[in-house]
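Taking the form predicted alone, here's one chain by itself in structure tokens.
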């Protein structure tokens, strides 16, 4: 059975990457969360997909140029629906407070606009503080960020995210799935769902590498990945995925 990992929370029912979205996912009894984190100007980790606040709040500018206090004055819910007006950007601590019952916590770390990988240490340290390190899976499109994570603690489980099949690093990955994972100390691959086949999953599993494709929203894709043995599915539609995987309509 493939684990159901809620992408940015239940983001079709509540504003993405907010506490209401993650709480709705908990009500659906999902197996895991996926989120995105950035560092603020004053060194706090906050949960947001974009490096700017423009799309998902009533503010403007880069997260890295705002303090946490400044970000807390912004509305991160009104854009989605009036009922969510006033929703604040979550800190990573607030996110971790919801994660105790989960099987997997997929934190995607975004590289800072200045290229810094400083977020790695905080993500790992806080996971340990909350007793979640054994379930933490840090994912990123940025291999330097993943390497920074394993430098912080070699036991950190990391996953390489990718969608550009012609990117040189992805070409290296597909040349030898096992050797690539060993070279970069990866526990998992998080490929775009269109790149996944049964043989790909089987080869990765033969090397001890987990597969959690994204973003899996079509019923036929959920069914296929379940039957092929994908370890998890990262989905925008956790209710549908829970019914497919566990027969639990919500």
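Just so we're clear, the structure is a prediction, and the values are computed from it rather than from any experiment. Residue numbers count along the first chain shown, from 1.
Only in words, not in the display: the form predicted together with a small molecule, which the text now covers.
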> Would residue 141 count as touching the small molecule in the model of the complex under a 4.5 Å heavy atom rule?
Replying inline: yes
> Taking heavy atoms only, is residue 98 within 4.5 angstroms of the small molecule in the model of the complex?
Replying inline: no
> Is residue 214 a contact residue for the small molecule in the model of the complex, using a 4.5 Å heavy atom cut-off?
Replying inline: yes
>> Can you tell me whether residue 74 touches the small molecule? I mean in the model of the complex, with a 4.5 angstroms heavy atom cut-off.
In response: no
> Out of 5-13, 238-246, 225-233, 19-27, where are the residues with a heavy atom within 4.5 Å of the small molecule in the model of the complex?
Replying inline: 5-13
> Though the small molecule is not shown, can you say which of 112, 152, 126, 161 has a heavy atom within 4.5 Å of it in the model of the complex?
Replying inline: 161
> Only one of 185, 41, 49, 205 has a non-hydrogen atom within 4.5 angstroms of the small molecule in the model of the complex; which is it?
Replying inline: 49
